[in-house]
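Shown below, as structure tokens, is a lone chain in the form predicted alone; questions about how it binds or moves come after it.
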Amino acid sequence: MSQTSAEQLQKDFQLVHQLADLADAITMKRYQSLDLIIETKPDATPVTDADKATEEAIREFLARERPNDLVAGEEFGVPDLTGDQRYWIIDPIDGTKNFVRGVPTWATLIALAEPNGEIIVGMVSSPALFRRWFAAKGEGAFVSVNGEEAKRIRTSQVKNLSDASISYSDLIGWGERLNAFIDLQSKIWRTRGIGDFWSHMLVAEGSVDLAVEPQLALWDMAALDIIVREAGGQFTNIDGQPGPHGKSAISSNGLLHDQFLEAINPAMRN
């Protein structure tokens, strides 16, 4: 990386914290409010006025600060990403169902991608959990708890599935892999249905060894991808394709990744 690009990455890293500050101010003001407006999107998932306000605010901020960058967001659409422009990927509230019910496991996810799709900056800001996880390419992954000084995080060193702890979202969306996944749960040390961003951040912290979700969108995964990788882990879809562009996610400490892929994809077994 050249000195110029390193300087730019540092600016990007600073900007993503500003965006998280902006998002937290909006989401926490609306969290558990009695007048929260909840609608149902065409895919039958909920969206609140907080989701929309947060993404709008981030888009407006980026339009001023980074007018040459594109923005892809859950609530207001995705532009053509096949050109030569960098683009920001926004999930204003990951875990909207939790947000609506007063469960504190939700977060704003923000990532920056190069034109080729590589994620170079990621932020997961979860103010109701008093935590932020963030990473930049080549700089490591970090967590800050309750606004205190950030500490570097690293994935675990567990090498065998029989000793592993796995977190997953639910049993929906597995298709023909469902039976293999259910069978695997009796062969590993511990399973917990934590779900959403937190599963993957626990992998990055080394508290969980594997996290998996069989149905996701780009904005659900982009920020998680670089944080897990910069913590020393591996991030692919359930077919083993690296990165957040494959509509599903497996994050791991890297040591268990192939074992897990083979367990849920019988065709991969030797």
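Heads up: residue numbers just count along the shown sequence, starting at 1. Fair warning: this is a prediction, and the values are worked out from it, not measured in the lab.
FYI, the form predicted in complex with D-MYO-inositol-1-phosphate (IPD) isn't displayed, but the following is about it.
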(message) Under a 4.5 Å heavy atom criterion, is G95 part of the interface with D-MYO-inositol-1-phosphate (IPD) in the model of the complex?
(response) yes
(request) Using the partner position in the model of the complex, report whether L218 sits within 4.5 Å of D-MYO-inositol-1-phosphate (IPD), counting heavy atoms only. (result) no
(message) Considering non-hydrogen atoms and a 4.5 Å limit, does D-MYO-inositol-1-phosphate (IPD) approach S165 in the model of the complex?
(response) no
(message) So, S144 and D-MYO-inositol-1-phosphate (IPD): in the model of the complex, are they within 4.5 Å at any heavy atom pair?
(response) no
(message) Please determine whether each residue of E139, E205 and E230 possesses a non-hydrogen atom within 4.5 angstroms of D-MYO-inositol-1-phosphate (IPD) in the model of the complex.
(response) no
(request) Please determine, with the chain shown alone, which of 237 to 245, 22 to 30, 210 to 218, 65 to 73 has non-hydrogen atoms within 4.5 Å of D-MYO-inositol-1-phosphate (IPD) in the model of the complex. (result) 210 to 218
(message) With D-MYO-inositol-1-phosphate (IPD) taken in the model of the complex, which residues across 170 to 200 come within 4.5 angstroms through any non-hydrogen atom?
(response) D196
